[in-house]
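Starting off, we have a lone chain in the form predicted on its own, written out as structure tokens.
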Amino acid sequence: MIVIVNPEIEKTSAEYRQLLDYLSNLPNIQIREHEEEGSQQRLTELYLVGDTAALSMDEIATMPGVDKVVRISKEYRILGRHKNDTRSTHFEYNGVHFGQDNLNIFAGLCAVDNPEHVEMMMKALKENGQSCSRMGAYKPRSNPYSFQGHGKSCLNYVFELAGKYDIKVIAMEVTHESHIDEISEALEKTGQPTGVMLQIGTRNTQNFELLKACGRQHVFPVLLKRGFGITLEESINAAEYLASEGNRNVIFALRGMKSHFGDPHRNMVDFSHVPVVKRLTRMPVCIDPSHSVGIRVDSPDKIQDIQHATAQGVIAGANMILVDFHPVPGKALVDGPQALTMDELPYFIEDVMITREAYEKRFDLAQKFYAE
């Protein structure tokens, strides 16, 4: 059960203390306090954990300072979409809106290789009106002898170049709690020129200590990729780990499932789950067509498979696209065969906008049809 406190009630007020005293005396109930800082006000939510079935929603709703009470019916208590739950499905970070109602493109290098290529990527994004990117500094690899990323040694120039070209948010994978500190230190050292979205990769979806560490910090939002060999429910519960530690600025990413049924693609594309995740949770949903398809190949219509997969996710209502580009894919240190090229960037963006417009028309049609 979630008790949403009236935004006008201060935590130091008598009404708030009275509410906490009342809830604390409920038998077999523990209270978890969560705060969400919005652009206009701070929202306090009290999560009642334990034997809540016997509690009266009406009685709690009449307590001073209570704005609303929500009965939880799903395992994902914080990020789930519950009956009569009108809580926000979006958040703002570093001037960028992330929600179930819009779309952001994060194009960039799967793995940072050198400053020259980073600058070429940032410059191209700026010229094409983009404010977000992906830059891989830490790379978990299946083969221990493969390139593992430059790590903290590349962070300073990546962040400085992002600031130079007005890139607001960089999606960057982390594999250890120490990487969060290294990113924070580099941002501080370079004067906070950009923002970072911590990315938890598919191999770490059930790395519970990493999930807790990313959830305990409330500075950076988190992009969580679906585990490649676990159920959707298990992956959503992994996202709930983040929220249970206090960080609710979470985006859920679909990146394909490991299966030979997807051959010749790298993974089985699972973008039909975009509306499913949006129905079950309040998280914005990201698609990763690069790691789903895994190869640069054209169809007879001259449209690449990666673009077709992207369109499948966007037409289903995706809110973010994580896609690999590289100035010279043949020289990329990681996943060069799936990277798109710089001259394809404006074409890719325009193709995405066409598909997004089609989704918005479908959305408007559905609202009109069901309103009649």
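In this text the structure is predicted, and so the values were computed from the model without any measurement. Numbering starts at 1 and runs along the sequence shown.
Form predicted in complex with phosphoenolpyruvate (PEP): not shown, discussed below.
Novice: Determine which one of 91 to 99, 116 to 124, 273 to 281, 197 to 205 lies within 4.5 Å of phosphoenolpyruvate (PEP) in the predicted bound form, judging by heavy atom distances; exactly one does.
Specialist: Comparing against phosphoenolpyruvate (PEP) in the predicted bound form, the contact stretch is 197 to 205.
Novice: Which one, 211, 174, 110, 293, lies within 4.5 Å of phosphoenolpyruvate (PEP) in the predicted bound form by heavy atoms?
Specialist: Contact residue from the list: 110.
Novice: Only one of 322, 339, 306, 314 comes within 4.5 Å of phosphoenolpyruvate (PEP) in the predicted bound form by heavy atoms, so just point that one out.
Specialist: Only one option qualifies, and that one is 322.
Novice: Just checking whether residue 248 would be counted as a contact of phosphoenolpyruvate (PEP) in the predicted bound form - the rule being heavy atoms within 4.5 angstroms.
Specialist: No, residue 248 stays farther than 4.5 Å from phosphoenolpyruvate (PEP) in the predicted bound form.
Novice: Using a 4.5 angstroms cut-off on non-hydrogen atoms, would residue 139 count as touching phosphoenolpyruvate (PEP) in the predicted bound form?
Specialist: Contact with phosphoenolpyruvate (PEP), yes.
Novice: Residue by residue through 221 to 254, tell me which have a non-hydrogen atom within 4.5 angstroms of phosphoenolpyruvate (PEP) in the predicted bound form.
Specialist: Sequence-ordered list has one entry, 225.
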